[in-house]
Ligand SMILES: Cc1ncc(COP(=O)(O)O)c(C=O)c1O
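Here you get one chain, nothing else, as C-alpha cells; it is the form predicted alone.
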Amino acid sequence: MMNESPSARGVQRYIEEAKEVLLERERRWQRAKGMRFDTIAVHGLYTVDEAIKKNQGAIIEPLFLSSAQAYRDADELEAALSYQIPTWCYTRIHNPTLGYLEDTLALLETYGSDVRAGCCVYSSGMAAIENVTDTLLVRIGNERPNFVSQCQIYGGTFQQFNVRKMQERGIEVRWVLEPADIDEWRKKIDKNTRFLYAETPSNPGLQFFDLKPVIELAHSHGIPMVVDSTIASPALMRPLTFGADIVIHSATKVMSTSGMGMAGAVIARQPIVSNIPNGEMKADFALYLKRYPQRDQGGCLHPFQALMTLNDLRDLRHRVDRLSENALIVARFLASHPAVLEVNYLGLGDHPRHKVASDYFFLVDAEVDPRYQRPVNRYTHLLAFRPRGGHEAARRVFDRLQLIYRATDLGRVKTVATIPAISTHLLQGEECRQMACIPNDLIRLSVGAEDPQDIINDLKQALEGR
C-alpha cells in the first residue's frame, strides 16, 4: 500500500482545523435559534467574541471589499477550492459580508421552528428566481421538464417564465388560474414536473390561498414547493415553517426599505424534496447554488449592498408592523370613498381571502411584545384600488398625487404608487393581464411610514380633483 503524499497530508491538516471552526459555528447557530426575532435581526450570528478576536472590536459587521481571499499555502488553497474546508475564495462565489446577511436571513426565515436552512444572496430578486428555477429544471434523460405556477405573479417573474423559459427555451410553464383550487394544481402535475411555484401574496393582485395543502401536494409527487414571500417578509409569514422547501425574496423591497439598493435571497430547507437524482443539491440547496450555478453565472451581490441590506433588516418587525397598520388605515379610507370602485387589501374583513390570510399572517413575537401581549394579524404594506371611471380616470387620479411618488418600487419607507397595466405588467399584454386579474384601471399602492393622515389627504385631493 502506498504512503500518503505530503500534499495529501497537508490538505488533511486544514480539514482537521476546519472541524473546530464548523463546531463553533454550530454552537453559535444553536445559541441564535434560542433568541427572539428582534435579537436575531440585530445580531445574526455575529458575536462579541468574533468582533474582539477577529475584527478589532467592531460592533457592526465588517465590510470586506477585497474581491479575493489569500491562502497560507498550496495545501490550504486545494482544500478550499475543492470545498473541503469553509472558504469564501472570490466574491463571485462568496464573501464574509455576504455571509453575515445570509446567516441572518436563514435564521429569520426559520424562526420559531426547528427547521434548518441555508441561504444564498443575489444581486436582485430576479437573479434569485432565475437561479432557483433553472437549477431545478434539469433534463433527466430525454424528459422535457415542466413546472406549475400560479399566474398571479410579479410582471418580471411572468416574463421570465413565459418568455425566457417557455417561448425561448421550450420549457413549459403550466399556469394555475385559481390557486385556491387544489384540483387545478393537481391536474397540472405529471412525472416531468420539477416544482410548484407560488407568490404569496401576489403583486399587485394580492392573491392569497391556503399554502399547506399545495405544499403537501408537491411533496406527494416528490417535488419541491417554491414560494416568493417578498411582500410578507419573515416578520409576517415564514413558509419554510409550513413545509415549503425554498423561499425567495426580492430583498430590494421590504427588507431594504431605505430604497438604496437591490438584493435577492434564496432560503432553502436542508434537505429539500426533489425528483432530481442529485444528492448534493437536495441536501443543501442554498450551498449548491453558491458553489455551482451562482459561481458559473455570476449573479452575486456586492458586499457593500449586503451590509446595507443587513442594516435595514435590524428593525424589520417594527417597520412591518408600522407599514401594515398604516396600510389598513389607508385601505379603510379608500373603501369608504365614493370615488373608489374597489379596494383590494387582505386586511379588510370583506376581502374574499381575508379569512385564509388571517390564518397565516401574524406579526412575529406580538404575544411577547408589551404593546400587544397576544397574537396580532398584520396584512402587509401593499394594497390596490380602482377609481370609478375606468382607465383614464385612474390616470388622472395617479397624475394628481403630490406626496405619493409615482414609481414602480414598493416596500419603501415612502409611499409609492404605480399603474401595473402601464408599468410592471405592461409587457404581459392585455390577454395575460386579464388572466392574472390585473385590470387597466388598477392603482397599486405601497404604503410607507408617513403619518397615515397625510397619505389619506393626498389620496383625497387626487380622487376629488382638487
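Numbering starts at 1 and follows the sequence shown. What you see is a predicted model, and the numbers here were worked out from it, not measured in a lab.
Beyond what is shown, the protein has a form predicted together with this ligand; the following relates to that form.
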{"property": "Heavy atom within 4.5 Å of this ligand in the predicted complex - residue from 340, 262, 189, 173", "result": "262"}
{"property": "Contact residue in the predicted complex, chosen from 323, 272, 313, 129 - any heavy atom within 4.5 Å of this ligand", "result": "129"}
{"property": "Candidate spot 347, 380 and 446, all three touching this ligand in the predicted complex (heavy atom, 4.5 Å)", "result": "no"}
{"property": "This ligand contact at residue 102 in the predicted complex, heavy atom, 4.5 Å", "result": "no"}
{"property": "In the predicted complex, residue 253 touching this ligand (heavy atom, 4.5 Å)", "result": "yes"}
{"property": "Residue contact check: residue 199 to this ligand in the predicted complex, 4.5 Å heavy atom", "result": "yes"}
{"property": "Heavy atom of residue 185 within 4.5 Å of this ligand in the predicted complex", "result": "no"}
{"property": "Which of 135-143, 329-337, 118-126, 236-244 lines the interface with this ligand in the predicted complex (heavy atom within 4.5 Å)", "result": "118-126"}
{"property": "Contacts with this ligand in the predicted complex, stretch 397-412 (heavy atom within 4.5 Å)", "result": "410"}
